[in-house]
Structure formats: structure tokens, C-alpha cells
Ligand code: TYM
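Here we start with a single chain on its own, the form predicted alone, put down as C-alpha cells.
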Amino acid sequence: MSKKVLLSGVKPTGLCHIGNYFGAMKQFVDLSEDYESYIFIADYHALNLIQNKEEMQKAILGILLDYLAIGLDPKKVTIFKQSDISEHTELAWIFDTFTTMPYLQRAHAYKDALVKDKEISVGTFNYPMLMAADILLYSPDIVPVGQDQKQHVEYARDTAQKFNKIFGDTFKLPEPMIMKNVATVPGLDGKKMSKSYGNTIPLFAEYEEIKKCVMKIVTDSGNDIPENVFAIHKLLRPEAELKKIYEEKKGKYKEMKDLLVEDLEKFIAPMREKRKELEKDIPKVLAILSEGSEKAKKIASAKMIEVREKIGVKI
């Protein structure tokens, strides 16, 4: 029996942190055992944010190295780049032709941009249709997302249903896989860990950088156990074991932070070293991406032949 298909995409927009890892990346590694997995680098989506050649190239290579370093196995997971598959943008245009502006005005990214009073680009306004194309080209059974990203999959499902109704049954309706047990990792200031808040612990940090970050974690002097420190620490050790240790060190914030530094170093060091090894042979890393894109291209190309047939442009 063939495995069900999983698909997810990641925007290359800066250094990954431990919140990214525990929030999504770890799940991609775990799920790759049970699903035929496709993980793509959403560089055309990132173009809404990054408009500098060198920065874009660095970001794409960075996320590729990150995924290989955390243990995504190219034998089990197809890693590819969105811009290598022209069918993504072709299908997005086809979806544009029957998608209304009021429908797109309900998208979270558009609403967020409006609130921030930004001059909104067509790319930001239209991104749900490119995302729908990203998903539907590969006929995935599931798309793992956090609760706050569920709308992405709903837009893809709506678009598939509209297309199927107008042109005939073509696209599978994907299901969102809501990762309910995924921890929201608090940052150094207690808010959700996020690059935009500047409150992160980088996933591949060196020892001194880990130490510097941990010492910045905000603690509540009115509490025997520093909650922010504990919340990060329990990602690395069983909670029951940790509670006992913290009880013994009650009030000794420095000791608790020192222990977190050591545990983070043990966790990060093997991935950090693997990433450094990968960096020594960039052509080999890029060959993995090229091979993945080649495989994805075959699937996307076959689906677009069917789509062109259905819409009548193939004569």
C-alpha cells in the first residue's frame, strides 16, 4: 500500500530558531517516516519580503542547509525550490481568473498589511492563489499547519472545488493537519519566539551565543521558578524530571539558566556540526535540491497537462 502524501512549504526569510524547530521542522522529520513528503522552499513567496539578489540566494541556501542538518533525509523527503517549477506560477494565474477580489480580501496576510497601513503589493494580495497552486499541483492528502495557518489550506480547498465545478474533477481536496501538540515556544521576553520580535535562540547558535541568549531571558523575581526559562527547558527534558530539578534549585535563577545553557548546547551541537560539514560541500547540497526539483517538476508537469486539457487551451 502506497503512503499518503504530505506537502509543506517554507519561506526562506532569515535564520531559523528553536521555535521554528519545535513548531514545525521537527514534525517534518518525524512525519517523513509515515508519509511521502514534499517540502519546498517558497522563494517566490519570499520575494514579497526579500528584494535583494545576494540576500535571497543566502536565504535559500540557508534553509536548505538547515533542513538537511536537522535530519530531513533526501531519500525519504523530496526537497525542492518553488521557482524551479514554473507550473506553480502558471496555475496561480489560472486560479486568478475565477477568484474574486472580495474573496482575497478575507486573507489574513492582506488584513494584517491593511492594519499596518502598508502599501500592499499585488504579490501580498494574491499570495493565497500561489499558495493554492503550490499545494494542489502535488495532490497531497495532508498539509501540516498550525491553527493560525489553517486558512491557507481552506483557500486551497475552496479553489480546488471551484475549479472542479467549472472544468471537471481535477484536483484532490487536501486536509489540514493541525499540529495541536506543538508547543508555542516562548522567546527571551516571554512573547512567542519570533524573528520579528528579535527574541529568538538561533537553532545553530555557538555555545557563547546560546549563553548570551539564555542570560537575557526575562524572569519574574516574585516567582521561585522562572516560568520562561522552564517553558523553554521542558522542550529538552521530561517535564517531571525538570520539575524536580527546579524544585531543588528554587530561587536560584542563575543555576537554572546555566543548566538550560548546557542542555541547549547538547541539543544544538550535533546539528550545528552537521551543518558545518554540509557547508564544506555546497555543490553536493545543491545537487540534492536539483534532484528534488527534478522529481517535483515531473509531478507538476503531468498535472498541468491535465489542467491545460480541461481549460481548453490545448488544441
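What you see is a predicted model; the values in this text were computed from it and never measured. From 1 onward, residues are counted along the sequence shown.
Keep in mind the form predicted in complex with this ligand is missing from the figure; the text below concerns it.
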item: Exercise: V143 in contact with this ligand in the predicted complex, heavy atom 4.5 Å; value: yes
item: In the predicted complex, G9 touching this ligand (heavy atom, 4.5 Å); value: yes
item: A24 within 4.5 Å of this ligand in the predicted complex, heavy atoms; value: yes
item: 4.5 angstroms heavy atom contact with this ligand in the predicted complex for A42; value: yes
item: Listed residue (K195, H108, K162, K243) with a non-hydrogen atom within 4.5 angstroms of this ligand in the predicted complex; value: K195
item: I79, I135, I201, I85 - the one with a heavy atom within 4.5 Å of this ligand in the predicted complex; value: I135
item: Candidate stretches 70-78, 187-195, 93-101, 210-218 - the one whose heavy atoms come within 4.5 Å of this ligand in the predicted complex; value: 187-195
item: Heavy atom of each of F125, M304 and R308 within 4.5 Å of this ligand in the predicted complex; value: no
